[in-house]
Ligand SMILES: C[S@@+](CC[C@H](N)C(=O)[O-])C[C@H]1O[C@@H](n2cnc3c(N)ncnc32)[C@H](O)[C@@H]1O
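What follows is a single chain, given as structure tokens, in the form predicted alone.
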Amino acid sequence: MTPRCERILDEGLAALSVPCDAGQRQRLLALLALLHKWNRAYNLTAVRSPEAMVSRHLLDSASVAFAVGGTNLLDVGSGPGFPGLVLAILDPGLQVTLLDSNGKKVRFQRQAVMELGLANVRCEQVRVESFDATFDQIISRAFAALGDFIGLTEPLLAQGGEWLAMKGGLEPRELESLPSHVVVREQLALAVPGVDDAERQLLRLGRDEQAGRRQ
């Protein structure tokens, strides 16, 4: 990758206060190079230039690293693997499952996992309705409307778990569509370096455990 890509990545991670050692940096740049190579043949993303990919895929994914905890994370509707691949690189102790039904995008995920040596990532080509496992956290980046995201993935969320919804603009009716036992714990604006033309935010949601005990 070009020195400009490296500079955008380094400055962006610093602005986000995301720790990144030399090995992680090398893997992020290798992921970028692989995405750019595959995208020319398979049209994995509408973002074409490597410099824009740094901001719109790598840094956008890294912007939510602060919210990731627990031991396992499901990235649902992962596409070519964002944000899950980036989060897995930044936290080698985190077990990440990438879930998508699109064959070419899952093939890219598997190639990236193999080439980058990511032992903490599993790739699943399946519809979310057919998947069976539980996770401490479930994240999505523009996978579906908020109510659909929660409804489709609720069987996969462990007791006491948390949803992380990465959103652009949020319509009021999306919040109104949430089940009564699901609460928004936090709604945060995200400032992604290099992404100035779009609103970005993170919603942290969970079940209202008190409501469950009252029933």
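For every residue, the number given is its place in the sequence shown, counted from 1. As the structure is a computational prediction, the values presented were derived from the model and not from experiment.
Just so you know, the form predicted together with the named molecule exists too; it's not on screen, but the next bit is about it.
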Given the pose of the named molecule in the model of the complex, superimposed onto this structure around the site, is the binding site open or blocked (3 or more ligand atoms closer than 2.4 Å to backbone or C-beta atoms counts as blocked)?
open
Check whether Phe143 has any heavy atom within 4.5 Å of a heavy atom of the named molecule in the model of the complex, and answer yes or no.
yes
Using a 4.5 Å heavy atom cut-off, state whether Gln137 contacts the named molecule in the model of the complex.
no
Does Met114 reach the named molecule in the model of the complex if we count a contact as any heavy atom within 4.5 Å?
no
Can you work out whether Leu90 and the named molecule are in contact in the model of the complex, taking contact to mean some heavy atom pair no more than 4.5 Å apart?
no
In the model of the complex, do Ala133, Trp163 and Arg204 all put a heavy atom within 4.5 Å of the named molecule?
no
Val86, Val121, Leu73, Leu99: which sits within 4.5 Å of the named molecule in the model of the complex by any heavy atom?
Leu99
Though the partner is not shown here, which residues of 113 to 149 have a heavy atom within 4.5 Å of the named molecule in the model of the complex?
Val126, Arg127, Val128, Glu129, Arg141, Ala142, Phe143
